[in-house]
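Given next, in structure tokens, is a single chain: the form predicted alone.
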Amino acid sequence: MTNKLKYAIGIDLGGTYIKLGIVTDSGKIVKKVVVDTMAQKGPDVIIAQIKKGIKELLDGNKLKIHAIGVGCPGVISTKRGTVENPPNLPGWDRVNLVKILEKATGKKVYIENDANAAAIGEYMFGAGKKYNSFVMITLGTGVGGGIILKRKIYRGEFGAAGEIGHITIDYKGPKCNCGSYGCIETYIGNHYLVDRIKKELSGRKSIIKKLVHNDLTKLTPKTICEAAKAGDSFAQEVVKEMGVYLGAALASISNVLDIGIFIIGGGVSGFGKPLFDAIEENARARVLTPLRKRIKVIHAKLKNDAGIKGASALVFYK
């Protein structure tokens, strides 16, 4: 980090909302804007929404913005500045988002996969500051991942490294949207998790139905979390089972990469200590014996602003 870089814009491009913020080089958000993504209307409309958000953000701004960082889903070429086939954003075969935004703003633009951006954000501003290597896992609609290896983001040969959600833990398991079967995402991703709970609730004694007033269309992971914290045995079983699944995946990652630190963020991480304890216990049970004591599962620190701060961190990280 250098004293010359005082302010950057961070843009978190999500399937439902685009979150934008002006962020200092110490990770403080000084202004924030949220606009609808309008994902179903295609890339032209989404890009127009990004530009709208930037305009709102800069309206009345007197701060000197050094550059813009963008965190996007999909396969990202940081060299070409392109976004390819992001999930939940129909019609994006390949879009040169960097070129478009640089032309529109006159600012240097850096782009990165959103999970990688979150990892860089935790490395720069959050729970990863003191670690040379760690794996960041984001639990939400899907299961994303970013790998910091010897203080550098590891992107892989084609920029697709860190797709932790698509580690197979049961080759005969449920079909995943990626086309494979038994991916970790099919067990703990939001939609899959909720669908499975709806099916398993039948015949089980649980306060979950009461919490949603018997309308299972309102069931969310947050509901399951509330039930578990209230002592609901079924919800607590679900949380422990999630720990078994994710722990198995993390053990595999640790065995392959020789990394023991795992930072977990995203909405589902709100299940808290019971989930984290279950993940750590099951990862240690499955990892190679010499690595067991090194396994550590910790909370991400950036929380709801992880996307914005992670995107802005791309500027300071560069």
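Counting begins at 1, following the sequence as shown. These figures come from a predicted structure and were not determined experimentally.
Omitted from view is the form predicted in complex with a further copy of the same chain, to which the following refers.
- Annotation: in the model of the complex, residues Ser133, Tyr187 and Leu288 each come within 4.5 Å of a further copy of the same chain through at least one heavy atom.
- Note that among 118-126, 105-113, 168-176, 203-211, the stretch whose heavy atoms approach a further copy of the same chain to within 4.5 Å in the model of the complex is 168-176.
- Interface residue among Leu219, Val75, Leu89, Val98 relative to a further copy of the same chain in the model of the complex, by the heavy atom within 4.5 Å criterion: Val75.
- Contact with a further copy of the same chain in the model of the complex, defined as a heavy atom within 4.5 Å, holds for exactly one of Val34, Leu257, Leu63, Val45, namely Leu257.
- When contacts are judged by a 4.5 Å heavy atom cut-off, Ser252 counts as touching a further copy of the same chain in the model of the complex.
- Contact between Arg294 and a further copy of the same chain in the model of the complex is found at the 4.5 Å heavy atom cutoff.
- Although the partner is absent here, Val194 is not a contact residue: none of its heavy atoms lies within 4.5 angstroms of a further copy of the same chain in the model of the complex.
- Mapping the unseen interface onto this chain, Glu163 counts among the residues with a heavy atom inside 4.5 Å of a further copy of the same chain in the model of the complex.
- Shown here without a further copy of the same chain, the chain has Leu149, Lys150, Tyr154, Arg155, Gly156, Glu157, Phe158, Gly159, Ala160, Ala161, Gly162, Glu163, Ile164, His166, Ile167 in 149-167 lying with a heavy atom within 4.5 Å of that partner in the model of the complex.
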